[in-house]
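Below you'll find only one chain, the form predicted on its own, shown as structure tokens.
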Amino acid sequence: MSAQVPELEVRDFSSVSPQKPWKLSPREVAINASTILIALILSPIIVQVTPLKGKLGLVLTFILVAMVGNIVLSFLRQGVQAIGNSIASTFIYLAAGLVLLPVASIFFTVIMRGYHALRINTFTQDMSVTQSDGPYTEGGALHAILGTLMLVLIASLISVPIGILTALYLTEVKGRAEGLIRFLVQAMSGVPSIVAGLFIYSVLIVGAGGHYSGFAGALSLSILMLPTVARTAEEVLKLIPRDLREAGVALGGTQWRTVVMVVVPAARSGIVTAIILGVARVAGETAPLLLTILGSTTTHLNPTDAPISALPLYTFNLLRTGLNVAIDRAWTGALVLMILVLILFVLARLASGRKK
């Protein structure tokens, strides 16, 4: 008689949601929010009855009250063992807040001061026939926007290939000049921006008999952009596992084919980040442009024939006039520059293939 095999019970786990013990429940979120709310209410009252005054005193009081409330809440939840963890978490949140506070303050200030003079003509007109203290509906920053895009594009075309090739040499080839090249890249990272502009001015404009132009400004910016791209790309390439290189060689690929078809695609997102950091490094530079592009109120599309303008220089020239309308235009120029860098950042992220 053959033994009957029992049937195995098949369970459907597709509807079972994964457990997330680190995620706070709605009740815990409500309690934490109540603690913050109580700290917001008590802080002004404490400031009124203590010697602490002003915004700084209010912020310090809020931090102390929120920290005490968090410690008490952790003690009631988990006992004495949770107090140390609560204090450490509070200091971590405080450090993150101190880092984000200047960034938020800059964004808030630029937006609040810059939107007053922001008009459609800001993007469609230049200042060739408009005085700096003219109405907001006249003149604009078109010449500066196009000049900034031109400078960043030319500087990127010069710096990005050289920077990436330098990083590949330092991480993949590792030839005899590795130490010297790494030393030069690190030394270039500390070069002041005015020195880069003075170098191009003395060599290209004075020494070679050239003139102020967008190409001269782009060369000075490329000197500042090159070490940022090279060092960041080098660190990114170091993160690529060695197993990928060995796998490419094991499949019969030469070193350069392995680098081009395996290493570089794997580091594409990091290389794009290096380019973004390089663009952010030079997009707001003013000192080298004072010595190389000189500035202009007219739109010039040829980067080699005449002086041009850029948003940092446009902002600087308007701000030093001291006129209220011109200062508002300067803040608008700073706001447009921030928007332009944000657009370039988003486009670069999209080009890197990130889904989010």
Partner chain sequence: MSTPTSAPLQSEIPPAREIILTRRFSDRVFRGVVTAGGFVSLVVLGLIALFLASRSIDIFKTFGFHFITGFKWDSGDPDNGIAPVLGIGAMLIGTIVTAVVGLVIALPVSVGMALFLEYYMPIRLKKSLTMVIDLMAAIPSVIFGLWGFFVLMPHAIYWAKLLHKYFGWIPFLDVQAPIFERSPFIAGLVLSIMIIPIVTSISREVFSQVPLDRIQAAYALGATRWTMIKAVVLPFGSSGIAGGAMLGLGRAMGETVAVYLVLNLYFQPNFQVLFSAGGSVASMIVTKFGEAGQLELQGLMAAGLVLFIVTLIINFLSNMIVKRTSRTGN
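In this text, the rigid core denotes the largest set of C-alpha atoms whose superposition between the two forms falls within 1.5 Å. Note that the structure is predicted; figures quoted are calculated from it, not measured. Positions refer to the first chain, counted from 1.
Below, we turn to the form predicted in complex with the partner chain, even though it does not appear here.
Comment: the partner chain is not present in this chain, but in the predicted complex one of A218, M127, L226, L237 has a heavy atom within 4.5 Å of it, namely L226. Between the partner chain and the residues A66, L290, V59, V47, the one pair within 4.5 Å by heavy atoms in the predicted complex involves L290. Note that among 140 to 148, 193 to 201, 267 to 275, 127 to 135, the stretch whose heavy atoms approach the partner chain to within 4.5 Å in the predicted complex is 193 to 201. Taking the partner from elsewhere, no residue among N70, H116 and V262 has a non-hydrogen atom within 4.5 angstroms of the partner chain in the predicted complex.
Looking at A39, you'd find every heavy atom of it more than 4.5 angstroms from the partner chain in the predicted complex. The closest heavy atom approach of T166 to the partner chain in the predicted complex falls within 4.5 Å. Taking the partner from the other structure, the partner chain in the predicted complex has a heavy atom within 4.5 Å of a heavy atom of V110.
Contact between P102 and the partner chain in the predicted complex is found at the 4.5 Å heavy atom cutoff. Residues Q81, G84, N85, A88, S89, I92, Y93, A95, A96, L98, V99, L100, P102, V103, S105, I106, F107 are the members of 69 to 107 with a non-hydrogen atom no more than 4.5 angstroms from the partner chain in the predicted complex.
A movement of the C-alpha atom of P102 reaching 2 angstroms or beyond is seen between the shown form and the other one when the two forms are aligned on their rigid core. Once both forms are fitted on their rigid core, the CA atom of S74 lies 2 Å or more apart between the shown form and the other one. In the core-superposed comparison between the shown form and the other one, L301 has its Cα shifted by less than 2 Å. The pair S189 and L347 approaches in the predicted complex: their C-alpha atoms are at least 3 Å nearer to each other than in the form depicted.
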